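Shown below, as structure tokens, is a lone chain in the form predicted alone; questions about how it binds or moves come after it.
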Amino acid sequence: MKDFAVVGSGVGGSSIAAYLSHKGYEVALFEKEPYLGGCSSTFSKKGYHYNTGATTLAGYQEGHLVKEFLDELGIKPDVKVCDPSIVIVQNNTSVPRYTDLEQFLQALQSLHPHPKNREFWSLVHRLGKEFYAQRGYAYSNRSFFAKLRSLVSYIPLFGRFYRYLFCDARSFIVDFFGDISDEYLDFLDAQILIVAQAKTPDINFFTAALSLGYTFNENHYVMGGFDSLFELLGAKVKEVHKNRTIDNIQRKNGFYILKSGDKEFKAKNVILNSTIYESEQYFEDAEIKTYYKKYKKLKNTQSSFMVYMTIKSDADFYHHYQLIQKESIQDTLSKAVFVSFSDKEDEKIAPKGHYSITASIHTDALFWKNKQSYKEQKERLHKRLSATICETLCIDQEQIVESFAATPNTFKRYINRSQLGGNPITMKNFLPKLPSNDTPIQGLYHVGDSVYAAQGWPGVMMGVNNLKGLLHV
């Protein structure tokens, strides 16, 4: 019998499995696909390689949780600093998001000059630095009193940031600037949507500031694609079951039985890297199902439409771009396309003289339910986004070696979820309403982007760190 069974090998699942194994526990990691990583994996098609969704390793710097975690495990990924972290293109003008505040402010003036730019972005910069320096708080959902005690640990955070927690970001920004153009608001919304999965009217300003400020922290490109990092994490786990779908989990007296086909696995504890609102499917136990049902309301249909390309080019590209259009794009929820390029020297993910491109835009899974129009709809959006990328970044159509697209339906088929990007961190979905990494069910835990704290490497790793404390390991 294992001490822990971890179901799902995304950022949270692979990380906690590696950590618990490192601490000497008997751990089994289960993944339904032939590779680790979930939404953050790397896959191949026709001999070319692509990062599935996540393309940036954020938080891998001194004083941040991601680096502290990987250092403790002795994992040193092969990475390159991305500076600028992203280049934003709007109205034919490029604004690099440099790590250095002064460099960024100088670049910003070319697109959105404003007398309050320095004051605003200095505030964003300061809030991020102060937040990441905080420690000593935890969040539990095991019982009412456990939650209450854990919320007390947030009093220092509340005291420091309270004035930014109870006002929506759009109102704060408009009041702050006094006069701000719709294009400048698009500029802000596009960046916030990447991190918070919501726009300024729906979130508090503190969340918006952390989202806008993530590029002031170091961001890294992972050489070889994210697969190389997940392989390092997986190597720390003695028992990894790829191509192994867990069909059912039964709670017994003091342990769990995980069923997969005709095989059974036993574990004292189960950690699910599945979404909180879909985890009910594993269980028949009435108490467990009742717990999950109260989080069904968190399920939404926000997702991503992806374009994957391999191009042959000798040109130099930054690692990441955000291309902001004047109007919202049909069949999407956004005006902005996020485009990531492989490193020019990364011959593991793209042959010499080639680039691997992963591009994404927010969409709604409900847009893709009509079977009659699905193929035409997919081809239309694929063509539109490909043209936007090529025209904006000066790529000739003849340079495209391979190009294909993925819809929310594609992700549902491969990773068993169509909602992507985690739960939006909105005014309605904030502490203490967030599900935690523990549950009232003895031995049942969660990690991932649908529970505390948020999506992306820093957010999910905060959840992993929180779970470590809850498990007292």
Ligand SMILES: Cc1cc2nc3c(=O)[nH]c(=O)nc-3n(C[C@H](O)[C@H](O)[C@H](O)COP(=O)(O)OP(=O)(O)OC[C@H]3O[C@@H](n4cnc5c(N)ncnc54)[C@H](O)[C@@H]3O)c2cc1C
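Computed from a predicted structure; not experimentally measured. In this text, residue numbers run from 1 along the sequence as written.
Heads up, the form predicted in complex with this ligand isn't pictured, but that's what we're talking about next.
Visitor: Of the options 211, 334, 85, 360, which one has a non-hydrogen atom that comes within 4.5 Å of this ligand in the predicted complex?
Guide: Checking each option against this ligand in the predicted complex, the one that comes within 4.5 Å is 360.
Visitor: Could you check which residue among 246, 222, 381, 124 gets a heavy atom within 4.5 Å of this ligand in the predicted complex?
Guide: Residue within 4.5 Å of the partner: 246.
Visitor: Tell me which of 42-50, 27-35, 402-410, 429-437 has residues with heavy atoms within 4.5 angstroms of this ligand in the predicted complex?
Guide: Of the options given, it is 27-35.
Visitor: Counting only heavy atoms and a 4.5 Å cut-off, does this ligand in the predicted complex sit next to every one of 9, 12 and 304?
Guide: Yes, all three are in contact.
Visitor: Although the partner isn't part of this model, could you tell me whether residue 200 comes within 4.5 Å of this ligand in the predicted complex, counting any heavy atom of the residue?
Guide: No, residue 200 stays farther than 4.5 Å from this ligand in the predicted complex.
Visitor: Considering non-hydrogen atoms and a 4.5 Å limit, does this ligand approach residue 273 in the predicted complex?
Guide: It does: once this ligand is placed as it appears in the predicted complex, residue 273 has a heavy atom within 4.5 Å of it.
Visitor: Can you tell me whether residue 452 touches this ligand? I mean in the predicted complex, with a 4.5 angstroms heavy atom cut-off.
Guide: Residue 452 lies outside the contact set for this ligand.
Visitor: Even though this ligand is not shown here, does residue 282 get within 4.5 Å of it in the predicted complex, heavy atoms only?
Guide: Yes, residue 282 is a contact residue.
Visitor: With the partner left out here, which residues of 434-466 have a non-hydrogen atom within 4.5 Å of this ligand in the predicted complex?
Guide: In sequence order, 448, 449, 455, 456, 457, 458, 460 come within 4.5 Å of the partner.
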